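Listed next as structure tokens is one chain, alone, in the form predicted alone.
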């Protein structure tokens, strides 16, 4: 099996229950099952995680940094998204 016939997978590990999965690296494998085994062996050898995700790199779709202005709608025209938009009742003084 050559590297050209293997697929590239991205690996995400959750260090503890209740935390988010974090991207920790990439690896080449034949399928998801093999990718999980390789990820376990490479990225959690010392018990660093409680959960592993593997995702084919080709299945990831991402926005581009240069498209940020047109892709991400600015929030200046939506003041209701900010806490300062809302008036707090007088009894609430520390929020």
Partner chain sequence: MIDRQDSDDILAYAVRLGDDALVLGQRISEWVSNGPFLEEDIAYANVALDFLGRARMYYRYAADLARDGRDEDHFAYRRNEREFTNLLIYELPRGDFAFSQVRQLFVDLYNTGFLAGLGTSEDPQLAAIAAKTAKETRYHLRRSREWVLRLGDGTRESHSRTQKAVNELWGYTHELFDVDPLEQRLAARGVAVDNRMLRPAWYQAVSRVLDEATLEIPGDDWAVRGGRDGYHTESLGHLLTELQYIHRCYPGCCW
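Numbering follows the first chain given and starts at 1. No experiment lies behind these values; they were computed from the predicted model shown.
Absent from the display: the form predicted together with the partner chain. The rest refers to it.
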query: Exercise: residue 53 in contact with the partner chain in the predicted bound form, heavy atom 4.5 Å; finding: no
query: Touches the partner chain in the predicted bound form: residue 41 (any heavy atom, 4.5 Å); finding: yes
query: Contact set, 48-62 vs the partner chain in the predicted bound form - heavy atom within 4.5 angstroms; finding: none
